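Quick setup: one chain, the form predicted alone, written in structure tokens, and binding and motion questions come after.
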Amino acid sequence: MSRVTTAPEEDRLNAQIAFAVEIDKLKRVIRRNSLMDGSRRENDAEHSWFVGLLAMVLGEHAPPGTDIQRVVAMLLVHDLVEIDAGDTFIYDAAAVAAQPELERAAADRIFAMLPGAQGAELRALWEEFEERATPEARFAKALDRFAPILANHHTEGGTWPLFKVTATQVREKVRIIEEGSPSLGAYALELVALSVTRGHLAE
């Protein structure tokens, strides 16, 4: 009896579908900050969509010559590793210290699900985001940091009071925003100042 073999094209499609099913799990990863109406906490998939769209809307605040399409692609994949590693609260020093090892192991598994070259391409986008060595990566990281500040400001401090986050701590995180976009960094500092004035963020 002849053995039935799977065509390479079918193998490729099966791998891509398996990856699609896997990344749906990003919708289950809950972040610390709330939606801007305060109704519930945001999940990672919503965050990735939001910052990707912010890249398109706020692209004029990126350094001249920045490839915004690459920024959007980077933002769509930047949190996929959190399917395994979970969301890291940036004000938790111990969690931040453990984050690189956990996320790299997750990247090894998740991107390897795709056919070789395709998986390597998405992995390269994730690596570029993490290394912040290009204007695109710095702008993507700036938006990633800008979004929770915007959300907390519009929810009367959101998770800042809950986790006893201070204005000094938030300003330290704004430095990454400034690296990717001075104008968005300046705006973020204004939001911090307003939040302090309104009593939503402790100085």
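Because the structure is a prediction, the values reported are computed rather than measured. Throughout, we count residues from 1 along the sequence that is shown.
Omitted from view is the form predicted together with a further copy of the same chain, to which the following refers.
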Fill in: Which of 159-167, 130-138, 172-180, 47-55 lines the interface with a further copy of the same chain in the predicted bound form (heavy atom within 4.5 Å)
47-55
Worksheet item: Would Ile110 sit within 4.5 Å of a further copy of the same chain in the predicted bound form, counting heavy atoms only?
Response: no
Practice prompt. Report yes if any heavy atom of Ala106 sits within 4.5 Å of a heavy atom of a further copy of the same chain in the predicted bound form; otherwise report no.
Written response: no
Item to complete: Mark Thr88 yes when one of its heavy atoms lies within 4.5 Å of a heavy atom of a further copy of the same chain in the predicted bound form, and no otherwise.
Response: no
Practice prompt. Decide whether Gln118 counts as a contact residue for a further copy of the same chain in the predicted bound form under a heavy atom distance cut-off of 4.5 Å.
Written response: yes
Discussion item. Suppose contact means any heavy atom within 4.5 Å; which members of 31-46 contact a further copy of the same chain in the predicted bound form?
Written reply: Leu35, Met36, Asp37, Ser39, Arg40, Glu42, Asn43, Ala45, Glu46
